[in-house]
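This document opens with one chain alone, in structure tokens, the form predicted on its own.
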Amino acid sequence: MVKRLSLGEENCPVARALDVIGDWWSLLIIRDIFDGLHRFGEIQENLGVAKGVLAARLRNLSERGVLETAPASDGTAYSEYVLTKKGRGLFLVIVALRQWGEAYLYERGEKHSLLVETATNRKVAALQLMSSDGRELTCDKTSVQKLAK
């Protein structure tokens, strides 16, 4: 088995982010917590992932400051996984992945889950990257500036 390299010291923010959340189980765990699943058993049942794999991913996400444990909201002796501020910051990442999947991975009319605004029950509008003065930006209107070390 190939040993996974750490990207935690890279000067690219994308590489560093992938070092923390770059496997599909981690992103699916985060998605499930955003969707209201907070207990180990709920997440494990929903994902169908092996308990050892789930425990390792939850431990890693907790050690990296994305998740923390809290007493169960129903007052039982269980604990729950909740997103930290850093974890809640991944909401737009999850929404962007969802919207990309909706746009490119389903046939017309094929059923899938929808992200809706709770207050209106309407589908959330597509994300757009905006300039500081409000203009829509696309990949051909942006560039990355490499900073000297």
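Note that the structure is a prediction, hence the values are computed from the model and not measured. Note that residue numbering follows the sequence shown and begins at 1.
The form predicted together with another copy of the chain is left out here; the points below concern that form.
- Among heavy atoms of Ile43, none comes within 4.5 Å of another copy of the chain in the predicted complex.
- Not displayed here, another copy of the chain is kept clear of Ala55 by more than 4.5 Å at the level of heavy atoms in the predicted complex.
- In the predicted complex, another copy of the chain stays beyond 4.5 Å of every heavy atom belonging to Glu68.
- Arg31 belongs to the set of residues with a heavy atom inside 4.5 Å of another copy of the chain in the predicted complex.
- Annotation for 15-49: interface residues with another copy of the chain in the predicted complex are Ala15, Arg16, Ala17, Leu18, Asp19, Val20, Ile21, Gly22, Asp23, Trp24, Trp25, Leu27, Leu28, Arg31, Phe34, Asp35, Gly48 [heavy atom within 4.5 Å].
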